[in-house]
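Have a look below at one chain only, the form predicted on its own, in structure tokens format.
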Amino acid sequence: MNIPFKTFNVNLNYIEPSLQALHLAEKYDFPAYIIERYVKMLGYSEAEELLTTAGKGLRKAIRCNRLKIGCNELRRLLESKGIRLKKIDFIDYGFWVIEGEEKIGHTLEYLYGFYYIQNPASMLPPILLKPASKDTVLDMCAAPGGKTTHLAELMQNKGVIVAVDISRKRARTLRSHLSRMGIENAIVIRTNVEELSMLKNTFTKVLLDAPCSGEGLISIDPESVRKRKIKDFYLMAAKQLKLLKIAYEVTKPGGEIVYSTCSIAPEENEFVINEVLNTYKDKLVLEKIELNVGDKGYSDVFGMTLNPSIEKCLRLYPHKHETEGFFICKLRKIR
């Protein structure tokens, strides 16, 4: 197996299943080597809690588009149609859909761009990036547009967002959402994001919601998780490292990068961040995330000791936070 990490050693013995993992594998029909990782990450009891969420789905949520409507007004309009909402504790303009989920994508308010249907975990990266109206922002993997439209809202439709996606179909969806949500400060570029590496020291803020294994979507798509091989995590990590290094190159000194995935795999998250911190010593540092939700990142996992600052990163789980499994960290480029 080609391990993409050059600055620290990975001991693959961590996937050898214990009796506990074998028991859970038989009970929940997941590969034992996948479950062994969960047991090492979370402990036996919590690993089982995570497995019980498999296939049960997640409650829908929406993000109010304050460029077009006040959140109280939006709530009144939707509740008049039998869609009952509850405010998300950690996002002032986000709402859980308590009743009427089947209607939420079929209202005039949705067509008017008054809200975006989005899991709360995915609302967090733009909030943590904190773009202002003066910023020049790069959204490296922008489609379908949830985070791009959120960035534009936070910037009050000022400044500049360069939104990149390589897929023609996905770029079309991105443009559709930008139009629906009334976004005026975003430029869509359909290209391989690697082509942007020539734009050194250009952007004040960069969002990299990286392609990943989707292991955090166990509640929605457990079959995909069941099919995962350990090599899949390392293949994704290699792509993520390449993208994160590009993010570093195009960010101005003093600028910020938010890295996120919808994966709970340390191989795609803490291992990637540890490699990047080792590669760019004294050039890139982690910022502490101040939110009243989530668990800290792992600085010691699978028997490997990582950079202690990685505890500043944030983890979310379906069994603990009612969101998709998610990882976020915020980096600042020193030079």
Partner chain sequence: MTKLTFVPITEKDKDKILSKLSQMFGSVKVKEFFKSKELLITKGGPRQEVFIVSKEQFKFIFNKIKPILNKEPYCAGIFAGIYGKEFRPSIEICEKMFRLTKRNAIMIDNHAALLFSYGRDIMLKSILRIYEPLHRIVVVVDSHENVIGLCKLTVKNLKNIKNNNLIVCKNVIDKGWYLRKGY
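Note that this is a predicted model, so its numbers are computed, not measured. Positions refer to the first chain, counted from 1.
Missing here is the form predicted in complex with its partner chain; even so, the following discussion is about that form.
inquiry  = Within 4.5 angstroms, counting heavy atoms, which one of the listed stretches 236-244, 190-198, 144-152, 212-220 is next to its partner chain in the predicted complex?
reply    = Correct option: 190-198.
**Message:** So, residue 228 and its partner chain: in the predicted complex, are they within 4.5 Å at any heavy atom pair?
**Reply:** Answer no; every heavy atom of residue 228 is more than 4.5 Å from its partner chain in the predicted complex.
Under a 4.5 Å heavy atom criterion, is residue 159 part of the interface with its partner chain in the predicted complex? Looking in the predicted complex, residue contacts with its partner chain include residue 159, since a heavy atom lies within 4.5 Å.
*Is there a heavy atom of residue 96 no more than 4.5 Å from a heavy atom of its partner chain in the predicted complex?*
It does not: once its partner chain is placed as it appears in the predicted complex, residue 96 has no heavy atom within 4.5 Å of it.
**Prompt:** Taking 4.5 angstroms as the cut-off for heavy atoms, does residue 90 touch its partner chain in the predicted complex?
**Reply:** Residue 90: no, not in contact with its partner chain in the predicted complex.
Going through 171-210, which residues have a heavy atom within 4.5 Å of its partner chain in the predicted complex? Please give them in sequence order. Result: 171, 172, 175, 176, 179, 180, 183, 184, 185, 186, 187, 188, 189, 190, 191, 195, 196, 198, 199, 202, 203.
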